[in-house]
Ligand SMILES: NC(=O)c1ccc[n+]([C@@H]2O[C@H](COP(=O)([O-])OP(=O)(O)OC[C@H]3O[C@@H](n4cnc5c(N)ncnc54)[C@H](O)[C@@H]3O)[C@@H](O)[C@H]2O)c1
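In the form predicted alone, a lone chain appears below as structure tokens.
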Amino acid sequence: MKRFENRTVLVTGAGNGIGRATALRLALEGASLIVLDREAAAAERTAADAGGGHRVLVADTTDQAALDAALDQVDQLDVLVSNTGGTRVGNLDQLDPQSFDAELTLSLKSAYAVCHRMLPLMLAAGKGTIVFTASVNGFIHVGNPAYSAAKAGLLQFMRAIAVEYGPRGIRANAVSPGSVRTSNHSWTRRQEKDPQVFEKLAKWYPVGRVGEPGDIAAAIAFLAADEAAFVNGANLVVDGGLTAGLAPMIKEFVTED
């Protein structure tokens, strides 16, 4: 499929994990990429692996001046994948005001900052699509309270865009992954403590495994494509059935005849 031929797509946090997988998936389908990441080497690697000829922007999305300077180079945009996010604080006992603000800035305020700069381009063109990477943390509590609050806010921000700008040709949707096997700081720290963390988590997922970045990239590609033209303001949960029910509880309380 070449669903993104002749389309310019900006992916934030595209150097690693879900962002990288999404950039590579959309490039495979014909997109002209703008790869944005705070790590130049990671961004360059993604752009090169996508086939060459793609643009690279280096900026920390939490640094307004750096972000503005990078986005000043974008003069046309069809699809925005707002993917930047992360967490370092696991529970309320560890959470202090500085950490709370930092996590909201990374996972919510930075998404607003990018949209604030890119929406005028879409509005001028009379069309555009935005897909946010949210999380199941946005609607159930599984730790990381500041990150969860940020992702809940992100979902509501997405709906605001969908409702207010839908009549002006812009769709906004989100994907909410469950646990995804990536090398980000949060998972790296957990794996250092327990190398089998992903295998242990698998029991909570009805499909028998945690997610892979490609699983989420496929869902993002669908929402960004024209075949989802009537999908607006939706939150597509991509969690292997995690939030559909408590599989381990069923095993504990339901016995076979």
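This structure is a prediction, so every number in the text was calculated from the model and none was measured. Start at 1 with the first residue shown and count on from there.
Only in words, not in the display: the form predicted in complex with the named molecule, which the text now covers.
- The listed set Leu77, Ile130, Val180, Ala146 contains one residue whose heavy atoms approach the named molecule in the model of the complex to within 4.5 Å, identified as Val180.
- Stretch-level contact analysis of 155-163, 120-128, 88-96, 170-178 against the named molecule in the model of the complex, using heavy atoms and a 4.5 Å limit, identifies 170-178.
- Although the partner is absent from this view, Asn235 stays clear of the named molecule in the model of the complex, with no non-hydrogen atom inside 4.5 angstroms.
- Looking at Glu29, you'd find every heavy atom of it more than 4.5 angstroms from the named molecule in the model of the complex.
- At the 4.5 Å threshold, heavy atoms of Ala150 stay clear of the named molecule in the model of the complex, well away from it.
- Using a 4.5 angstroms threshold between heavy atoms, Asp60 counts as touching the named molecule in the model of the complex.
- Contacts to the named molecule in the model of the complex (heavy atom within 4.5 Å) from stretch 219-236: none.
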